[in-house]
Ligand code: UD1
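As a starting point, one isolated chain is supplied in structure tokens, in the form predicted alone.
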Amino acid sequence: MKKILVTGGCGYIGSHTLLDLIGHGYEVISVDNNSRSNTRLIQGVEKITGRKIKNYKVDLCDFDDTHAIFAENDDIAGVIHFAAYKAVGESVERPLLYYQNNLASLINLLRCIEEYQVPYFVFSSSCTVYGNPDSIPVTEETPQKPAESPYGSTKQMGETIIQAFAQKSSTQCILLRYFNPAGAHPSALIGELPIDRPQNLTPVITQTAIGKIPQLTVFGNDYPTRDGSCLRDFIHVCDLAHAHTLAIQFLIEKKNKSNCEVFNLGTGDGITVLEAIRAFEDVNDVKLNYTIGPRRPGDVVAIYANKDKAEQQLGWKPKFTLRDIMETAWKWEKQLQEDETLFTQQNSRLN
């Protein structure tokens, strides 16, 4: 079994990718400093797979601690890099935090990959690298506009760093530009787990539905879209996770034509924020309390993917629908509430 290091393995996409890698015969280890996560999702992966997963609680911005992971695991065959701050709104408010964390961690990781001659590297990039594109759907060749947020800038800069690294390295790299991950594993044992108030739409929807958030705000209804709200491409997290396994396999099988390949990961369907809200209401028979607010700084108006390259070269095809996204996300939210209720009851008995 080839050993794959997943950075940010305790996070939303990282945990689902650990699960998918294990399901396809890979040995996995994780690194996550838990600054934006906890160990619950890795524990969920362990319950599903029956496998214990080693997680290094290390900040990748610390080079010595990062280097120690590679020294202890000199047989790492590939690295999938998720560990980064990702909230668009927060990045607008705290830009230096995002540039420091997202870029310093990447550079430290690449230095270790170079020293230990790790053959394969997959980078978690984002559709934010396209900025506000002139036309949609976007292909991998769509010209990049200025990023709308510091978060998007860190993804653009990250790609530039990796492309330069790949030109002088034997490591084979893939940049996966994905759109809006959503939903949860059908088991409801892992899903999106925001530590503070969620920044992504789907957990805001589910937390509003369950009462954790009193009211959902739609940021703007005057955009040039079908209903005035921002338009996005929602992709189920399990489909997204599987694409990372396929990317590693693609490199192992030497199917890449260059040292640094790029793939969009999206469904190819544009869904507005208001349409996503209505889909959740229809699928789960739950009425949401929402209001229309002003536009939010950093938001792209409209974007969705052309997924042809990923389908043709990686053999990747999304299996989950928008309905599946909303069903699994709601099932996960209800499971979280059930666990919290049980925990409170147990504590009450102990006291």
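Position 1 is the first residue in the sequence shown; the rest follow in order. Computed from a prediction, not measured in an experiment: that's the story for all the values here.
The form predicted in complex with the named molecule is left out here; the points below concern that form.
Peer 1: For the named molecule, considered in the predicted bound form: do all three of Thr66, His81 and Asn259 come within 4.5 Å of it, counting heavy atoms only?
Peer 2: Not a single listed residue reaches the named molecule in the predicted bound form, so no.
Peer 1: Going by a heavy atom distance of 4.5 Å, is Asn180 a contact of the named molecule in the predicted bound form?
Peer 2: Because a heavy atom of Asn180 falls inside 4.5 Å of the named molecule in the predicted bound form, the answer is yes.
Peer 1: Taking heavy atoms only, is Lys54 within 4.5 angstroms of the named molecule in the predicted bound form?
Peer 2: Close contact is absent here: in the predicted bound form, Lys54 is far from the named molecule, nothing within 4.5 Å, heavy atoms only.
Peer 1: Find out whether any non-hydrogen atom of Val88 is located within 4.5 angstroms of the named molecule in the predicted bound form, and reply yes or no.
Peer 2: Because a heavy atom of Val88 falls inside 4.5 Å of the named molecule in the predicted bound form, the answer is yes.
Peer 1: Within 4.5 Å, heavy atoms only: does Ser126 come near the named molecule in the predicted bound form?
Peer 2: Residue-level check for Ser126: yes, a contact with the named molecule.
Peer 1: 218 to 226, 159 to 167, 135 to 143, 101 to 109: which one contacts the named molecule in the predicted bound form at 4.5 Å, heavy atom to heavy atom?
Peer 2: Of the options, only 218 to 226 has residues within 4.5 Å of the partner.
Peer 1: Name the residue from Val204, Leu251, Ala241, Ala188 that puts a heavy atom within 4.5 Å of the named molecule in the predicted bound form.
Peer 2: Contact with the named molecule in the predicted bound form is made by Val204 alone.
Peer 1: Here the chain is shown alone; which of Phe263, Phe280, Tyr151, Phe121 has a heavy atom within 4.5 Å of the named molecule in the predicted bound form?
Peer 2: Checking each option against the named molecule in the predicted bound form, the one that comes within 4.5 Å is Tyr151.
Peer 1: Taking only heavy atoms into account, state which residues of 259 to 276 are within 4.5 Å of the named molecule in the predicted bound form, ordered by sequence.
Peer 2: Heavy-atom contacts within 4.5 Å come from Val273 alone.
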